[in-house]
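The structure tokens that follow cover one protein chain in two forms, given apart as structure 1 and structure 2.
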Structure 1
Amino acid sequence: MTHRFSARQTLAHLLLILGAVIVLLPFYVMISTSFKSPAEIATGTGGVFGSQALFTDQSCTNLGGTEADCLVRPVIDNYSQAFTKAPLWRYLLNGVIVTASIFALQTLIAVPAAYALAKLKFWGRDAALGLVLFCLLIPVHAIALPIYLMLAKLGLTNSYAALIAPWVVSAFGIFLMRQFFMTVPDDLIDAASMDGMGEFAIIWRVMLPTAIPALLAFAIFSVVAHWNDYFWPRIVITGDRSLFTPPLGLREFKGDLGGDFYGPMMATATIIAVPLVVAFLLAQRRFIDGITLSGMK
């Protein structure tokens, strides 16, 4: 069977391919750079994965090592420095603590709020929904300074609370879950009420299990946003290096007068990105179901 593509379909596929190339190009540069030696990075040679020829580690010779003892392979040197030059495991742990705490608290607030906006009838419901939509229009950077001043006066800067507290209420999460709950039949809620369930029991034992696809979609958005966030941690974490999140850890490889360590920096970036890519691939089907708001089957 032969398939004929119209000019419109061909153009659409070309645009999709171009978009994919634009999206994947930074990942290619990141991974390729993490495999190369400093000389190959500076000259733009070495192909995709570098020549992997042994080179002399200058930091080793500066510490008094012989040239023979300081010969290293680029990929091994870059990824080993990612863990030895900076406490990367600590930064990854901080990232897990912060993103997991934010998502758990966001879920605790967003699910009941979304249920109320979708299924309960009360005075001011439309106004409350309008306020949620209005909050979606406010950029984070516009309110960063007032939030920072408030945290500073409370003495909460340089703490996990400063990283977590400002983001526990997610207008996007409330709106996304509300849209999903709108697709749940009212008969299901009525049946649960006839069985003697209260509103909170209905929320957590009936509504939440049906909303797993939407919750996973929200989880991807929330975790990616806060795992990759450099702006806010850079503001509130100013002195305590043990509270650095993974993006802040990349600053450890900025050498200033000594030059930047691009190989270890890109190796660190690759290690930071891998958990997100793996999580998305594992949850891809549920993620798409949640975005399309498929509702109950």
Structure 2
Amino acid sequence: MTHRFSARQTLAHLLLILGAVIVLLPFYVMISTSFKSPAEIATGTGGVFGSQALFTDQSCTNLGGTEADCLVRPVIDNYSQAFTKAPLWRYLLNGVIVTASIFALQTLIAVPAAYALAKLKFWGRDAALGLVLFCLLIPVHAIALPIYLMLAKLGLTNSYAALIAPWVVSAFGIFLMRQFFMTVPDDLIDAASMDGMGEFAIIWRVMLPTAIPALLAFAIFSVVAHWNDYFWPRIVITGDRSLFTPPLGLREFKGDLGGDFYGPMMATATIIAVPLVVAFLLAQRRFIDGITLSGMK
């Protein structure tokens, strides 16, 4: 099928391509720089992926290596330095531990609460819903200072607990799951109940499986927010590198940076940004739905 040439369509494409160039510019800079040698970075040469000519690693010769030993490919050197100059594997592992724990705990707390709000009549239910809706309005930045003080008083700063604890209850998660549970027919629950299922079994074996789409959307929302979060880790992790999350690790890389480290730094940035970007490209619709979920309230 061919499209008739249309000036209007062409103009729209031109504008959108211009926008796309600006939007993609930093991604291009990040990946391209991570492929280049220090000399290419300093002179702005090397095209998109650098010439990949072997060069002598200065820090290697300083340690007494011979010229021949110290010849490296820029791309390999940048990415291996990203992992050797800083414990990047550890940062990534911390990122996984923190985001996974937060999501697991949020689910554990939010799903029963949402079920209670949606399907059980109990004294104070309206007030409880009101509380959840009110808490939706409190931005995390407003509670950062007092929570930091509480954690400091308990001696819990610089710990996984400090990274995870403030996030275990998500008013948004409760509200979202409640909205979804409202649409589940009561008959389903009554039938399960007459089969002798307790409330817990009903929640995890009847309700949750029906709510997988909502839970998945919430998972994406939660994981993206906490993998990328820099504000909170910055506050509660001071100095202990073994607890750094990926953004903190990258920030530290920038902190002790000389001119020659742009290659490895961009390699680190690429490694940190890539997991979510790839996941997004693979499941775009789910990601867009998940991230824009906050549009539902």
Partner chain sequence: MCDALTLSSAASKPQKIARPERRQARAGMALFAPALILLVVILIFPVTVAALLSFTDYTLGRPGISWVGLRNYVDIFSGSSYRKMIVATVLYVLIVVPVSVFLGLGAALLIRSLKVGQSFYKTVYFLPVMASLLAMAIVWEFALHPTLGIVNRTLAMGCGTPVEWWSWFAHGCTEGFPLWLGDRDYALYTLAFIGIWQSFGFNMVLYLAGLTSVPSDLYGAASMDGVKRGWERFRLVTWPMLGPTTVFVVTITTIRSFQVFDTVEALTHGGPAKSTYVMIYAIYQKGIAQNLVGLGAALTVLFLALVMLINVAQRRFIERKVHYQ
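Basically, rigid core = biggest C-alpha set you can superpose within 1.5 Å across the two forms. Treat the numbers as computed from the prediction; the structure is a model and nothing was measured. The first residue in the sequence of structure 1 is number 1, and each one after it adds one.
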Correct structure when looking for the form predicted on its own: 1
Rigid core superposed: residue 78 CA moves 2 Å or more between the two structures: yes
Inter-form CA displacement between the two structures at residue 18 - rigid core frame, Å: 9.0
Distance the CA of residue 52 travels between the two structures [rigid core superposed, Å]: 6.0
